[in-house]
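Given as structure tokens, the chain that follows is alone and in the form predicted alone.
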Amino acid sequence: MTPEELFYRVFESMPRQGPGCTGATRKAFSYLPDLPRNARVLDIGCGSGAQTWDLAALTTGTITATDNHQKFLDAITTRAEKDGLQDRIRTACASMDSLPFGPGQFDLIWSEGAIFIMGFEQGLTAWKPLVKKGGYLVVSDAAWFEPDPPEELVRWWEKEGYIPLTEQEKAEQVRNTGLDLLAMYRLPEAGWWENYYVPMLERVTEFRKEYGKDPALSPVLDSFQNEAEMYRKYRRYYGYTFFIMRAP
């Protein structure tokens, strides 16, 4: 067992691989004024597909779910076949910075909590050509909610390798990419704690029984626990914001 394998085992056993909730997905979707009935949707960084199924309930077109971890996609395919949605939900194993799609193929690009891997502005710039003229992009990403966050929190984010910007700074980045910002919506705290950290901490407790004394693997479990603790202590300062955008 390598640290990377343990990392994925924890996530594979969770209902979501990042903060989110059905109510927030539905709320963000409600800001889209005129999505076509047969819309083609691209779900980037889909994980095991919690939001993919929300999108399937909200639309009547087809959804292409992409991730670079095949086991997540296998779970989506199995569930789609079980639910009779194999004609509407498809998967593609691909890195988000090298997606195998041509320009203007999608009416809607959706990505919850994954764009940080590329960087907010870089991701929008790369994905914008894939959406049709007048089509939509909706992403959620970490943002500062209040100025002057505590030093401990800033150091933790620096260690994670991604420093959030304020919502206003991210709105400016949206404008820099030539997209129109229709709305912003903050993910409720329940989407972080009840839907993400509670199941995460349950898995961490389970895996500690087997790997807690392994010097190579215990730091992986520590990192999950530290992440949850940062949010518990400092959730007033940051969270995920949905950015609902339209291509001119």
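A residue's number is simply how far along the shown sequence it sits, counting from 1. Bear in mind that the values here come from a model prediction, so they are computed numbers and not experimental data.
What comes next is about the form predicted in complex with a small molecule, which is not displayed.
Think of it this way: in the model of the complex, the small molecule has a heavy atom of just one of Val154, Leu165, Leu85, Ala94 within 4.5 Å, and the residue is Ala94.
Proximity to the small molecule in the model of the complex, taken as heavy atoms within 4.5 Å, picks out 43 to 51 from the listed stretches 186 to 194, 201 to 209, 215 to 223, 43 to 51. Each of Arg16, Phe72 and Gly113 places at least one heavy atom within 4.5 Å of the small molecule in the model of the complex. Residue contact with the small molecule in the model of the complex: Ile117 places a heavy atom within 4.5 Å of it. Looking at Thr60, you'd find every heavy atom of it more than 4.5 angstroms from the small molecule in the model of the complex.
Among heavy atoms of Asn68, some come within 4.5 Å of the small molecule in the model of the complex.
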